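Listed next as structure tokens is one chain, alone, in the form predicted alone.
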Amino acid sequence: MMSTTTVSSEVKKVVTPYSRTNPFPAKVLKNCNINGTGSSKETRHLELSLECSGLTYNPGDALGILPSNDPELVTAILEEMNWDGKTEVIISKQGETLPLLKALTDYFEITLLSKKILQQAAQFTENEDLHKLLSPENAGQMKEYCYGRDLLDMLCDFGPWSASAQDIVSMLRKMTARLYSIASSITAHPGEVHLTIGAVRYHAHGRDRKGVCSVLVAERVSEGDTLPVFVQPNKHFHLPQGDKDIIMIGPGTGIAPFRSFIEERAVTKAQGRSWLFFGDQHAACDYLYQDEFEQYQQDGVLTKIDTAFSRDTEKKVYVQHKMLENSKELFEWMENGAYFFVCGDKSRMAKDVHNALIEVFEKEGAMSREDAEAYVNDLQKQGRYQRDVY
């Protein structure tokens, strides 16, 4: 409930801060592809205005965006089921309604499937394949089916359906916000927030697939448009107090928070040393923010930069290989109290970097594997090894 305060016999409303449930419509100031010609990737540098929002953030925090679904996917669902987009559907327990087209576009998650959705859907079809898929002995196949498929796949694969639009949308969960590491310092860019977003596109199960939010930004958001946003603080990923040394491992879009870190340190004139490891496919077209980082190095804000471009050499070289190449110096930095940060891919990169860090301590500290692992675990407990992985 909105509270009120009486001041000088006038009633002034205390404005509810913008949040996940009440996002701020941030105006897009800039939206450009920062990959060069010849790249197989598309990475958008997005600048948004936070003017008049009251929102602020710290380096390491994330920005949440509440996206809308791909209109082509929504249209395909309506056509497959022969539904009228103007049909009103109930979207909440409170009985709120929306036209079906708007509900599928803005309110519901339609690109993810789950066991629960398939189980609920089974009551509206006699399709043997679906009922077979849901049998206990096919749990592995069911999990495999859900991975990378969406609502349209289910509707196409397991009809004919005796379900109304209301029956189907009642199974769907509400659209979830997409969180992105903030790529700017508010000290360096007052009233603004910057993001680094890689457009997700791939072909699977006979159809082209698109990341809900990343391709919205890449294809359907222009300068002057607005995006509903909120700040998501990250207490477990932040710059250390004082003039500590920092080592930053951020390949690909994992570079985002480290642009924020470096900008912050440039403005506050922090004295600690900084060492950036960046990696991607090709130096010529995938070195994100190259000019900025090289300028920071010339200015003495960045002490060291090591890069790994995996497709430029016969043998693929990644950031963890660069860590091992520099193991002696990396060990010295860590022994002298440096903080170690990792941002990016959780499934492979972060594991490889973690193992490389253990190897560095094992080799340079003349430790057993067990002692090196214990040392790295202790660094995490102390907050000197922080990860923002996804």
Ligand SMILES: Cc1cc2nc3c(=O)[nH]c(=O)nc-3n(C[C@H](O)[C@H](O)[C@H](O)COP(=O)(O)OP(=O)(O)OC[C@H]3O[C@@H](n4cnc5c(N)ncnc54)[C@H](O)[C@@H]3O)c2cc1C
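These numbers were taken from a predicted model, which means no experiment stands behind them. Just count from 1 along the sequence shown to find any residue number.
Same protein, other form: the form predicted together with this ligand, not shown, and the subject of what follows.
Residue contact check for T253: one or more of its heavy atoms lie within 4.5 Å of this ligand in the model of the complex. Taking the partner from the other structure, this ligand in the model of the complex has a heavy atom within 4.5 Å of a heavy atom of V212.
Using a 4.5 angstroms threshold between heavy atoms, S184 stays clear of this ligand in the model of the complex. Interface residue remark: I197 is counted as part of the site for this ligand in the model of the complex, having a heavy atom within 4.5 Å. Of the candidate stretches 267-275, 243-251, 125-133, 146-154, only 146-154 has residues whose heavy atoms lie within 4.5 Å of this ligand in the model of the complex. Proximity to this ligand in the model of the complex, defined as a heavy atom within 4.5 Å, holds among T105, T111, T307, Q281 only for T111. Scanning L78, I90, A139, L179 against this ligand in the model of the complex with a 4.5 Å heavy atom cut-off leaves one residue, L179. Within 4.5 angstroms of this ligand in the model of the complex, the stretch 355-390 places a non-hydrogen atom from each of D388, Y390, taken in sequence order.
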